[in-house]
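Shown here is one chain on its own, the form predicted alone, set out as structure tokens.
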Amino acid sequence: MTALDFWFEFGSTYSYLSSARVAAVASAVKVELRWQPFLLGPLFREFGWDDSPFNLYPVKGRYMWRDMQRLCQGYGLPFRKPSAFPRNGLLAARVCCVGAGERWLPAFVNAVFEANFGHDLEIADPAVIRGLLDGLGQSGKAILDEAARDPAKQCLRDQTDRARDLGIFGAPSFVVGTELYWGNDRLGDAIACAATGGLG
């Protein structure tokens, strides 16, 4: 059995869907799950994009939003189309770096995604992130203070560099050993790969 690395970006619609399901699916087959935050913006800029492809190609964007409505309904997830897209997940991702390995991290990740895509809250607002942390029984102020320091900033830069080195070009992505799976619809394949020890 091989660990599953779940690479997610808080501005990514389909990462919301995977984040809500990945822990239960991994637990059901006893696969170790590792949460890996990163930023898509630096990668997109290397592709020559200055915005989400869902904004750059409106017909694709229209399809995606309808797809999100259908899928969220099917998964039983709240959905409210964000009034701003994509939202800046930098602060939340730095908080994830601070919380790496902590028991509260998965719940925080899901809370941020739900705030963004379920309730149309501004996740770049420190008050929103602090409120989510406080709601999980953590010291939001202390964690935000730590997230503003150089080690957390460097951690996120390193995470994004590592994503690039792994060949990741979108989110969500799942990595099992040397195998890369891209997209919410590949979660099942990635879990199966991890449960059988990987393909590489």
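Worth saying up front: this structure is predicted, and the values here are computed from it rather than measured. Numbers follow the displayed sequence, beginning with 1.
This protein has a second form, the form predicted together with a further copy of the same chain, left out of what is shown; the following refers to that one.
Chemist: Counting only non-hydrogen atoms and a 4.5 Å threshold, tell me whether 35, 148 and 150 all contact a further copy of the same chain in the model of the complex.
Modeler: Per the other structure, none of 35, 148 and 150 touch a further copy of the same chain.
Chemist: Though a further copy of the same chain is not shown, can you say which of 30, 70, 157, 141 has a heavy atom within 4.5 Å of it in the model of the complex?
Modeler: None of the other options qualify; the answer is 70.
Chemist: Is it the case that residue 167, even though its partner is missing from this view, gets within 4.5 Å of a further copy of the same chain in the model of the complex, heavy atoms only?
Modeler: Although a further copy of the same chain is absent here, residue 167 would touch it in the model of the complex, with heavy atoms inside 4.5 Å.
Chemist: How about residue 186 - does it come within 4.5 Å of a further copy of the same chain in the model of the complex, if we only consider non-hydrogen atoms?
Modeler: Yes - in the model of the complex, heavy atoms of residue 186 and a further copy of the same chain come within 4.5 Å of each other.
Chemist: According to a 4.5 angstroms non-hydrogen atom cut-off, is residue 63 in contact with a further copy of the same chain in the model of the complex?
Modeler: Heavy-atom contact with a further copy of the same chain at 4.5 Å: present for residue 63.
Chemist: Taking heavy atoms only, is residue 23 within 4.5 angstroms of a further copy of the same chain in the model of the complex?
Modeler: No, residue 23 is distant from the partner.
Chemist: Between 31 to 65 and a further copy of the same chain in the model of the complex, list the residues on our side with a heavy atom within 4.5 Å.
Modeler: Contacts from 31 to 65: 47, 49, 57, 59, 60, 63.
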